[in-house]
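What follows is one chain in structure tokens, specifically the form predicted on its own.
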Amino acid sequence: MEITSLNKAFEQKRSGSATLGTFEEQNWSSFDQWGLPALKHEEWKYTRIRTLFKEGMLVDGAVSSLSEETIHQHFLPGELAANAVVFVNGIYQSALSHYTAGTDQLIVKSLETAAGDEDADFVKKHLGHSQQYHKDGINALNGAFAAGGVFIRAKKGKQVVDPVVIYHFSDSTTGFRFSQPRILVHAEAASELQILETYIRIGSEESLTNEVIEICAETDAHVHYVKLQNEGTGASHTGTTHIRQLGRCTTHAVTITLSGMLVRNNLNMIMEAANSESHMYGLYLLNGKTLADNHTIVDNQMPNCLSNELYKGIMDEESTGVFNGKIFVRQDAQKTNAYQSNKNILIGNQSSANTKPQLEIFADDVKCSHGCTVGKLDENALFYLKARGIPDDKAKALLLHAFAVDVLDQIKSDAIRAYADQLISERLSYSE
């Protein structure tokens, strides 16, 4: 499938970095070979991503009418305003970003700069690792426009106290906006880093975001990552979060989807070091005709690792929730403990859930489990609340909020957790 605007945009862009230039050329060649995924691709059979691409889509990320004042109006309050990384139409904007964390703790710079300075070897070695797990045109297309990305490094032994909030702005004021942010994160040994990604669509036209964020954690690092999607019904999203545990470390990932037209979230946890620990949590709270497709991979490559995965979905009206989770336990990954669970509640008469938890185990001394449930609200619990004078709508909201709180509780930052809880309560028309 050829999109003239994509071809034209790639022909006009040229990275000033030899490393990134080669990377982009290789990815464009892969995109040209693979094209956009179709329904015949097993991993994309629920997500009709090809239908979103059309002639006339705005792909020039450098063009935007958004003012600095408009951007800053959407910054979160309090400690969440401390470290702000800003993307506009998929391009990192250093002039609009700011950081309270000193350079002795946190380094943030364009990916193009990092590819040519003291971080060049790291960029060359680790950029694009996610493509080993996603050999498709969507991942490759993002890589073909990687020069507008950002590089983030938490320094060795440092705790970045305030979260790093990454704002993705899509300027949809003049047409259908297509954005492709690229992020590479390096959490050095014994560092601690909290990341929140949030997405803002400005304008009445549709938008599509195609993102790849790759996170590398070294020995004794602690990485806490939250992805919060709430752009509205005119926004679609496909994204890959690829987390590698290069040394014994602990990683936490929470993905929350509250609105959108078509949403595809890939989350990969690659456990490359013995004695590592990973936690993956997801919540999709859907209405209208929204489709949210969550694909996860946990790849246990070394022994004595622990992974825990819990995804929960609430589908109302005509929405569709998809969960496809795979746990690999390689031959050398003896004494692995891996757990996976997906739970869904259907509250719309035409809502649906498709769930497929999977295990592929090649070791013999492991403890692994997986499971899924699809059901409705507990009628006995609902009756109990209504019998005590609580109106029907509020009783349902209370039960749904209680269902979601297991995921919310996994957000480490009090400020991020409170913000996410507020958005969920507003969606449920419930507040304490």
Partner chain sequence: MLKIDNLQARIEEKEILKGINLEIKPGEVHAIMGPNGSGKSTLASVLAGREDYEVTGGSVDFLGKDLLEMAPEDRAKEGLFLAFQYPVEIPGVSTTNFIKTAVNEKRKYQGLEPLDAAQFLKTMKEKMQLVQINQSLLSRSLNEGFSGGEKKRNEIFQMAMLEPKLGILDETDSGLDIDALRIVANGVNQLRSKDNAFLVVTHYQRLLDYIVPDFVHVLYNGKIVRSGTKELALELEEKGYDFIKAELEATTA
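Numbering follows the first chain given and starts at 1. Here the structure is a predicted model, which is why all the values come from computation and not from measurement.
Not on display, but discussed next: the form predicted in complex with its partner chain.
In the predicted complex, Gly56 stays away from its partner chain, with no heavy atom inside 4.5 Å. Contact between Arg388 and its partner chain in the predicted complex is found at the 4.5 Å heavy atom cutoff. Taking non-hydrogen atoms only, Asp392 approaches its partner chain to within 4.5 angstroms in the predicted complex. Not displayed here, its partner chain is kept clear of Ala38 by more than 4.5 Å at the level of heavy atoms in the predicted complex. With the partner omitted from this view, the residue of Val374, Ala363, Leu377, Val405 that lies near its partner chain in the predicted complex is Val405 [heavy atom within 4.5 Å]. The contact residue chosen from Cys368, Leu66, Leu398, Leu52 relative to its partner chain in the predicted complex is Leu398, the criterion being a non-hydrogen atom within 4.5 angstroms. Contact with its partner chain, judged by heavy atoms within 4.5 Å in the predicted complex, is confined among 377 to 385, 66 to 74, 27 to 35, 43 to 51 to 377 to 385.
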